[in-house]
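Heads up, the chain below is alone and in the form predicted on its own; it's given as structure tokens.
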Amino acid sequence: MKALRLLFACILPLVSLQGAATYPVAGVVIDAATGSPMPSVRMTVMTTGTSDIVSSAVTGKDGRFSFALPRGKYNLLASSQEYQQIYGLTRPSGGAGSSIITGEGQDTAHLIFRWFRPGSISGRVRDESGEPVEFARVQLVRSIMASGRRTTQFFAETMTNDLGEYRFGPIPGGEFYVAVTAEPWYVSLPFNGRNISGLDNGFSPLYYPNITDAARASVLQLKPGEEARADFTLVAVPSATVKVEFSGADNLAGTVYLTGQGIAGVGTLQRQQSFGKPVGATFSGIPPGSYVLTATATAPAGRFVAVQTIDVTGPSANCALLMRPAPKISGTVRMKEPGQRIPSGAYVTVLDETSRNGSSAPVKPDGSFQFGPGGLGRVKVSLSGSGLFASEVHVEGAEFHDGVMELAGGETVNITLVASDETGRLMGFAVRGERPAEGAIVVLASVPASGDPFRNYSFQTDSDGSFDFETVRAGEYALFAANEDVEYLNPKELARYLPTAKKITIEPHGVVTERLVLR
């Protein structure tokens, strides 16, 4: 009898699950360029906000797929030839995608998954004699819209083979810059003395379309499915030998990077080399120009870093890098209202102003947080999670102006964040005519306008046209929706939308519901 009761206990949850109402999630995968159905595409359903796979299937010859899912919010992924896209993309270069909302009254049985075919960029690198250049470093920099700002980011790099060939693919369509750096094969050969003609030559960096001036580099516009080509011819020019010495710690061992001007703030790596102290580093065949030396190293005393700009103008350049301990960042979060406890799930983020790369540290129950040894540069600090934001930021141990810390090395930084839970919620629906505006970009911009990325928000609407800004600082905002990406941190771009935007007031702990009509 006891065994029978156990059996029923195991069966009952399954019976309950099988008896739950389900809703159709079905549609077709089509080539976004041609409209043709896409067979043999693997479709995967995941619960939004998790990595939990709910179901999976493969499209038929007609490109169709079908699932039966309980009420909920899901992400739909399509995979083909090791390339994956999320449902709801409005352009090949990425985006947040749209979740699928199932339930009563939701039309999720006629979905159209627009598949943007990946493309590739390939080419050949030769020298002025037409010979292939092996081991040339080819760098791909991408121009994208990220968090309301048009920016350039490092995307990928590769080395040419013995035929001087390279290839990036499969990659999404979009706007790319291509940069090439290399050294002549004969420069790295061992030799006695420096009186051999040509050993002081080096290749000037090249940028698409085969020019030496990074400021005049052109965008390579890669269309979906396109096999783009970018060939380069490197020319040797009289160059310098750069010698680097290191000081600041004993028994150093690390890597030093020599980076050129690059494209739109993304440096082009000219060369890298391992080093140890007292042995320094020597770079041969470096063309004239302005460079940044960046070094990272470990020693018994910990991790050390250094950054220095150098100008190479003659046959030689010497540089002394003072290695300093990597910045140590820690601090405390306290609530604005005395006696309030810090809720779980809060975290502190430091965001590099140049690269837009960031790292986060959880806030412990006692309010403390700590980052591992970091890098150098300008970083911004923010607090998020659990409905919190930082109403005040106090920094000791580093230069701090307009919300940005300057990290130069050797700092022990202590940050005090005053946390406020004076946030509200804005939710609603966007429509085109009488139909849900799926995939629209909803922007909530602070009033007066601010370039602070932590005070402006965007949301790509889900399959039912819904949007939900769960945690918004209390204050005045302008709300609008658009059919395309909006560079809302650019005042000139934002001004186009403000005349027709809705004025919204977010009260602390309040909930606002709005309906937006797209033209």
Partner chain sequence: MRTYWVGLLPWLILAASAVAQEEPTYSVAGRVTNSATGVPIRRALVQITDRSLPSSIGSRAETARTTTRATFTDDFGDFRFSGLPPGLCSVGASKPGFAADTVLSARREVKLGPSVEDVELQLSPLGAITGTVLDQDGRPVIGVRVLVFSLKADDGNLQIGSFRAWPTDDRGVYRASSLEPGSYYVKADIRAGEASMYISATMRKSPPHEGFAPVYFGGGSKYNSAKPVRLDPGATVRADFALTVLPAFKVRGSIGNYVNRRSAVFELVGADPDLLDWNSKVLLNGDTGEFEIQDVLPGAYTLRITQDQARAEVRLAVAGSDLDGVVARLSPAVDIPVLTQITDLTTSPGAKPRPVACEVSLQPLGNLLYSKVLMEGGLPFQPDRKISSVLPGAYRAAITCSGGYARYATAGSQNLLTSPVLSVQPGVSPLPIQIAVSPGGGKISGMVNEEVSSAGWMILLAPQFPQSTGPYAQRSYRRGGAGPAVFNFSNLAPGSYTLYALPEGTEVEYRNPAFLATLTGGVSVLVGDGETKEVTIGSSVR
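Residue numbers count along the first chain shown, from 1. Not measured: the values here are computed from a predicted model.
Keep in mind that the form predicted together with the partner chain is not shown, yet the notes after this line are about it.
Taking the partner from elsewhere, no residue among Ser66, Glu104 and Gln106 has a non-hydrogen atom within 4.5 angstroms of the partner chain in the predicted bound form. Of the candidate stretches 321-329, 78-86, 108-116, 409-417, only 78-86 has residues whose heavy atoms lie within 4.5 Å of the partner chain in the predicted bound form.
The closest heavy atom approach of Lys336 to the partner chain in the predicted bound form falls outside 4.5 Å.
Contact check for Thr233: every heavy atom lies farther than 4.5 Å from the partner chain in the predicted bound form.
When the partner chain is considered in the predicted bound form, Gly314 lies well away from it, no heavy atom lying within 4.5 Å.
When contacts are judged by a 4.5 Å heavy atom cut-off, Phe400 does not count as touching the partner chain in the predicted bound form. This chain is displayed alone, yet in the predicted bound form one of Gly372, Pro365, Pro448, Pro300 has a heavy atom within 4.5 Å of the partner chain; that residue is Gly372. Proximity to the partner chain in the predicted bound form, taken as a non-hydrogen atom within 4.5 angstroms, holds for one residue of Ser36, Ser56, Asn490, Asn483, which is Ser56. With contact defined as any non-hydrogen atom lying within 4.5 angstroms of the partner chain in the predicted bound form, the contacting residues in 129-153 are Ser129, Glu131, Glu134, given in sequence order.
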